[in-house]
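For reference, the chain that follows is the form predicted on its own, supplied as structure tokens.
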Amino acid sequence: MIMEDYLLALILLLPLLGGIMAYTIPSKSGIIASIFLSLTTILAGYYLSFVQGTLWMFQFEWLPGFVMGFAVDRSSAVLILLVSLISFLVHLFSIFYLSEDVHKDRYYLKLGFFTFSMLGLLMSDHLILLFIFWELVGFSSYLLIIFWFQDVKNAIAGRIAFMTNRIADLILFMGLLMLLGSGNDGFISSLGPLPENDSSTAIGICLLIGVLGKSAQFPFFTWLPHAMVGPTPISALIHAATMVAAGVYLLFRLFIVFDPYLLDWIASLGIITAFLGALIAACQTDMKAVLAYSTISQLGYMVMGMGVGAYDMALFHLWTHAFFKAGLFLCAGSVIHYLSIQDPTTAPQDMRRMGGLKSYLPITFWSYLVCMMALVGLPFFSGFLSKEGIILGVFSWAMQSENGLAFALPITALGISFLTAYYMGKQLLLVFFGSYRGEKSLKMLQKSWTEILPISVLAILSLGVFYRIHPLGGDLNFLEYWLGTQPKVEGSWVTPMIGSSILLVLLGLGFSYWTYGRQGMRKMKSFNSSRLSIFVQNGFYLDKFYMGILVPSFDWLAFKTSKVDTVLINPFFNKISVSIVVLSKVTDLFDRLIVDGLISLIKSVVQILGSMFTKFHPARVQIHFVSAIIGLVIILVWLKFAL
């Protein structure tokens, strides 16, 4: 093996080894797991420094005649570093967050397994190998979601999230098998366009459903809020750069096999998800739920970008979103942990009972503010660069489209900017400004470096200066280096589009301040909701529709099917089996009485005839000799008189 083989093997296996070591030494589990992840991050950064543009590939024979392999190029290499770094920061924060949990060893084992699975997915170059790690990511995330499984509600929520993904993954597996059967060798690096026919359409639809399920897109996004029952650092890891982003990564890798008209459907589903996610987030009162639906909305942006061909910006948004969304979730974890200690009588995730926490958690506040500005898409922050790039790509796509309805996508994307700014401004005001609305007085707590360092690093990496010096113009060197030269979006409409987006963000922030900031929200009655907002808050009751109508419908169908089997099919086959038994008995009787009897009769007749003829043929030689002479004399006499 060459150096890259050993290096990539270490990057892949170190998180799993760290989890195993942490499990065997429970007293130092957090430190041990974090050390292993720090080594993984350092090696990933070192590998990234010399990978250049060459494709590293390692193939092996899994079964006789069946070859699979790993491959890493610039795109996967940068995501490997992203996952390693986010996972390392989550490991550090978990030391603080789970300091009092007695099952920390089990937590870090599952966390290491999760990181190992995600890295394996990014390195896989074969469809079957990718699907194996795809399923491992789903299984390990399920183990983390139900970490506090002693609460039955958590176990049920984890099961719902797990089974929703399994349904989509089954259809994805069918698509991968059809793709393998279409003449491809299964290696992602050698995939090419498929001929446009019914088979390619079926393959594309199956692959798309798998992407929609994993990335929590409409109509599968109902599982993601259920994943919030796990520890908050796990929410940061799942929502930031790993599980839900795996669907976007798969869409990026298999982009070439999708038909053009199917890409239009992908873009449409992306914008629908982005809008619904933002609308639901605007009506949430749970701090983590707001961020969860925000993730759904931002993933919709990425999927839409992939659908319109702006895959470079979609992947860039995946990168920037990882940092500011992980930062927001860890800030939420800091708030929840603080309130659960200071005021255990109140719900620690209910924003209606928060307020005034800026004075008690200043570092958390400033980190949250930076990450929030990146999410809403203000200049000088990373989210502005990636989100505006997607919106410009969508508008350019709409201008080239012959369908006038295509302009609905960029217009809706601009409207979502307003909603995003509104619900994030609402959360900022309810959590950090005004006065505390809980029941007990708060006190300052001694800060832990394992709490401060991760959220500070994520906030710093959410600044736009790392990707473009000039906030409103210039080339994105980040994209140029990692994804190659990308087509530039030019036109007189670019500046008005960017200006409109910034204006809508400012209006959204202003509207949130006008609604929640002026009075300080001291009175609980100010949070009364209308029936419409409750309807939206509950995700349009899609989850209840699935659990209350679809699941019982399938249960009813299964019950009726079992009845058909019991009443119709089973008796039919029972009668056939009885008929076969009767026929076999009759056949056996015919065989014994007729066939065997006839053979026995022939045998008896032959034996009787044999006994009769033996009397004329005694065994003495002299008699045989005399008989022969007599016979000869008779023949000679006959011959004499006959002639």
Partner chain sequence: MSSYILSLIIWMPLLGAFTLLFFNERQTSGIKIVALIFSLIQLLFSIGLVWRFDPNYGDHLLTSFQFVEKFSWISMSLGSFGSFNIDYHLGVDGMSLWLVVLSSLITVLGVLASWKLKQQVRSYFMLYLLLSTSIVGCFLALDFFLFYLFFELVLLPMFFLIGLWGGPRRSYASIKFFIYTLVGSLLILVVMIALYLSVGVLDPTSEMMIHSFNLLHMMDSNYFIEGSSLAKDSVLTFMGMPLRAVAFLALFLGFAIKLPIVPFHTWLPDAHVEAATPISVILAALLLKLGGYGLYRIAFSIFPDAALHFGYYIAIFGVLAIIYGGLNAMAQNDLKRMIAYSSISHMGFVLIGLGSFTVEGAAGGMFQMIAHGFISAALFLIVGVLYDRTQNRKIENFSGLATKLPGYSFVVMIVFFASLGLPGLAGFVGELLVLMGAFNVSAVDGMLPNWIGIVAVMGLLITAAYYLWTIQRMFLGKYWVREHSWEPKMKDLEIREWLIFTPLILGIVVLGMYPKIILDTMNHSIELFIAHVGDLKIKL
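Positions refer to the first chain, counted from 1. We call the rigid core whatever largest set of C-alpha positions still superposes within 1.5 Å between the two forms. Model, not experiment: these values are computed from the prediction.
One more form of this protein exists, namely the form predicted together with the partner chain; it is left out here, but the text below deals with it.
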Worksheet item: Which of L542, L414, V257, I128 has a heavy atom within 4.5 Å of the partner chain in the predicted bound form?
Response: I128
Item to complete: Would you mind picking the one in A289, L180, A71, I498 that has a heavy atom within 4.5 Å of the partner chain in the predicted bound form?
Response: L180
Fill in: Interface stretch in the predicted bound form with the partner chain - options 87-95, 228-236, 135-143, 290-298, non-hydrogen atom within 4.5 Å
135-143
Worksheet entry | Interface membership of V102, the partner chain in the predicted bound form, 4.5 Å heavy atom rule | no
Worksheet item: Going by a heavy atom distance of 4.5 Å, is W62 a contact of the partner chain in the predicted bound form?
Response: yes
Item to complete: Would you please decide whether F149 lies within 4.5 angstroms of the partner chain in the predicted bound form, comparing each non-hydrogen atom pair?
Response: yes
Discussion item. So in the predicted bound form, is the partner chain close enough to L503 to count as touching (4.5 Å, heavy atoms)?
Written reply: no
Worksheet entry | 4.5 Å heavy atom contact with the partner chain in the predicted bound form for all of L43, L48 and F187 | no
Item to complete: Select from 149-172 the residues with a non-hydrogen atom within 4.5 Å of the partner chain in the predicted bound form and write them out in sequence order.
Response: F149, Q150, D151, V152, A155, I156, R159, F162, M163, R166, I167, L170, I171
Discussion item. Following rigid core alignment, is the displacement of the S27 C-alpha between this form and the one not shown equal to or greater than 2 angstroms?
Written reply: no
Fill in: Shift of V581 between this form and the one not shown at or above 2 Å (CA, core fit)
yes
